[in-house]
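What follows is one chain in structure tokens, specifically the form predicted alone.
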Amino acid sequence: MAERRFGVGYALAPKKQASFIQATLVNLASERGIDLIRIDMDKPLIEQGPFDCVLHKLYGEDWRLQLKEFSLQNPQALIIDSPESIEQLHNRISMLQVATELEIKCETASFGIPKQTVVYDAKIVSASYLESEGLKFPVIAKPLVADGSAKSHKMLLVFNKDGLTKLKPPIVLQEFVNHGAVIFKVYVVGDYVKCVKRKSLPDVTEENLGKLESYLSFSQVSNLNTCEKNDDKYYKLMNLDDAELPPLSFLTDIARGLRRATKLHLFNFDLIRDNRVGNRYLIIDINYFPGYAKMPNYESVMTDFFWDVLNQNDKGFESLQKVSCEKEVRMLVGNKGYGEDEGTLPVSPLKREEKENTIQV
């Protein structure tokens, strides 16, 4: 009997396709009986295939309708992942709100999210406003919409009230927490969890805060250490090997909880260690279908994942244990429920919430 082969159609933007669809991945998958097939975006999806699975990272109403039609005609085909599940990560408030719903038990570590507030009206932003929301300088300013566009990546580190005048709502203002200039990127591929260390924003001391300009874009991070003649010296002195990884079991429980809450198979989340409390971690970002090619041994990880879902070996969401986050989230909507900028995704108004009880997990 001929070997059963599976077809995985992939629909990715050119840049994502170039980085992810490497020959090493295609060949390894083929050896396991899995054919990776490019979906032609110039033709209707319903006219292509047959596909046992559709892997995608495309947005827009047309693509959503194509997926819906394809699913109706091919109910046995898997869609990784549903547009509805992905969409919750396009809003930086709903993105992290998911994390506050998790409950896990860990005697050696706790986790939460930074304090944050969402603003739609620039007129209400002031130093006194920040103080009333439990925030203080420096703060990170991020676009509310996180859709992967260049605009959504324009972030600022704001050091004083002068920097607040540069903000263009709708934005999320998030507390900046010193974290030793190390960020932990946790990749999730189905049941697989991998954590890697990356260099991050340098710590900001009270002494340096008064010497800094009004704001700094993240592309200018190396300029933070103004006392150094060589902007890169700060990073050259850093040794990522000295940064201890969070416990893997702790990360796995968080990953499983996020997977269950979001109903996503492919994502990563960024974690920092709060310098004020060494065993406390903060989730600061969640991204759908990240740059897996940067992950060690990604070809075998992805091939194993395809094999498991296609052969229904993936454990699914039912087996995921309940996983708790410190309920430390502060959210506020300005006087408008929708952003005025063209191209922003509509965001329903969120009622104000203040939950600051700390739960050791």
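Residue numbers run from 1 along the displayed sequence. The model shown is predicted, which means the values in this text are computed figures rather than measured ones.
Note that the form predicted together with a small molecule isn't included here; everything after this is about it.
- Contact annotation for residue 251: none of its heavy atoms lies within 4.5 Å of the small molecule in the predicted bound form.
- Residue contact with the small molecule in the predicted bound form: residue 133 places no heavy atom within 4.5 Å of it.
- Interface membership of residue 105, defined by any non-hydrogen atom within 4.5 Å of the small molecule in the predicted bound form, is ruled out.
- Interface membership of residue 218, defined by any non-hydrogen atom within 4.5 Å of the small molecule in the predicted bound form, is confirmed.
- Residue-level contacts in the predicted bound form: of 74, 287, 160, 94, one residue has a heavy atom within 4.5 Å of the small molecule, and it is 287.
- The listed set 272, 78, 125, 144 contains one residue whose heavy atoms approach the small molecule in the predicted bound form to within 4.5 Å, identified as 272.
- The candidate spot formed by 155, 175 and 200 is fully in contact with the small molecule in the predicted bound form: every one of the three has a heavy atom within 4.5 Å.
- Per the 4.5 Å heavy atom criterion, the small molecule in the predicted bound form is contacted by stretch 135 to 143, the sole one of 79 to 87, 135 to 143, 255 to 263, 97 to 105.
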